[in-house]
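First, one chain by itself in structure tokens, the form predicted alone.
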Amino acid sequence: MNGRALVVGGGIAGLSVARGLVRGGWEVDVRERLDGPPDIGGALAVWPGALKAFDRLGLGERVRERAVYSTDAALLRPDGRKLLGPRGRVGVHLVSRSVLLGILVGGLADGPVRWNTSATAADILPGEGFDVVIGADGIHSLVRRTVFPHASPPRALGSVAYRGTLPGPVERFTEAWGGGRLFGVTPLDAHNTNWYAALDQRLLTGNERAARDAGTHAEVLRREFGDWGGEVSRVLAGLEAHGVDRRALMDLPSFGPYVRRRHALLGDAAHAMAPNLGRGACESVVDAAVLADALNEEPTVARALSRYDRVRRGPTRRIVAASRLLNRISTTGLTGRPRRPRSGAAVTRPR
């Protein structure tokens, strides 16, 4: 089967499903409100299931060529001593988010993406002129709010994440936990390092929660991680020079099927999750491959969407739950009482 598809959102999920549909002969209209792929940096772990999905989209080799393959990983204590390491030779491909988006845009050479073009509720409902409307527009999805009005809104996880990159290679993929905080360091490419950190938001003062400047973020990170070992000290030394991204973490409660009539949700629009398992982008790509295969192979849109929901809803909801639990264990409630910020602001006991 083929036809006309409207894809709302030009991120990893939207570009991936567009690639799969174009290869199947569909006429695809991708609408993205930004004027180009977001340049937010950072490395993404491409786990084996997602790599197989890229293979089905015809992009697997390009991803492998541009990725760094790492088999050296460990969970550490704050002082840098190993707490846990994988058994056997477990590897993962790490690729820059901007590189991955470039691969996906390059895979749509005929140009179905309309940048700087927002979709409206009138475009989405009833979706006149389109056989299928796909919501790949993120955690605050307009498609979800329009077509699934009873779906629960995103919920706060109670933790705050920081991330960035800096020059200089690193070989190991490490993550350290302690006291409601975690700090991870991974390769970005052969010449640069990717890092991320998360902590219980109750460790922050009110001013720190409201701050938007990299200088304040750097002060928080130095206060909370200044005595940690491993690669953390090198990262902390370069914060101001290379920038810090900060965001409060959220996920999406379960709300039932990901499909309704001719509409389907995928990626964060369907199952936004805590980043602790490193699976958000991967599951978006798997969603895209499964949905594209179903729409290319089934005789009707109704059967294709039913197949997609049957295959993807259960596994992704389990990953959302597991990611939320790991977020709690590492940062927000099962590791003991957060210590008091040095400003003296009160911190409540975890519930």
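All residue numbers are counted from 1 along the displayed sequence. Just so you know, these numbers come straight off a predicted model, no measurement behind them.
If you look for the form predicted together with a small molecule, you will not find it shown, but the lines that follow are about it.
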Residue 97: touches the small molecule in the predicted complex, heavy atom cutoff 4.5 angstroms:
yes
Quick one: does residue 134 come within 4.5 Å of the small molecule in the predicted complex, counting heavy atoms only?
no
Using the partner position in the predicted complex, report whether residue 38 sits within 4.5 Å of the small molecule, counting heavy atoms only.
yes
Would you check, heavy atoms only and a 4.5 Å threshold, whether residue 191 touches the small molecule in the predicted complex?
no
In the predicted complex, does each residue in the set 63, 113 and 288 place a non-hydrogen atom within 4.5 angstroms of the small molecule?
no
Selected contact from 230, 107, 158, 280, since only one has a non-hydrogen atom within 4.5 angstroms of the small molecule in the predicted complex
280
If you check 150, 81, 212, 247 against the small molecule in the predicted complex, which one has a heavy atom within 4.5 Å?
247
Tell me the stretch among 54-62, 322-330, 300-308, 280-288 that has any heavy atom within 4.5 angstroms of the small molecule in the predicted complex.
280-288
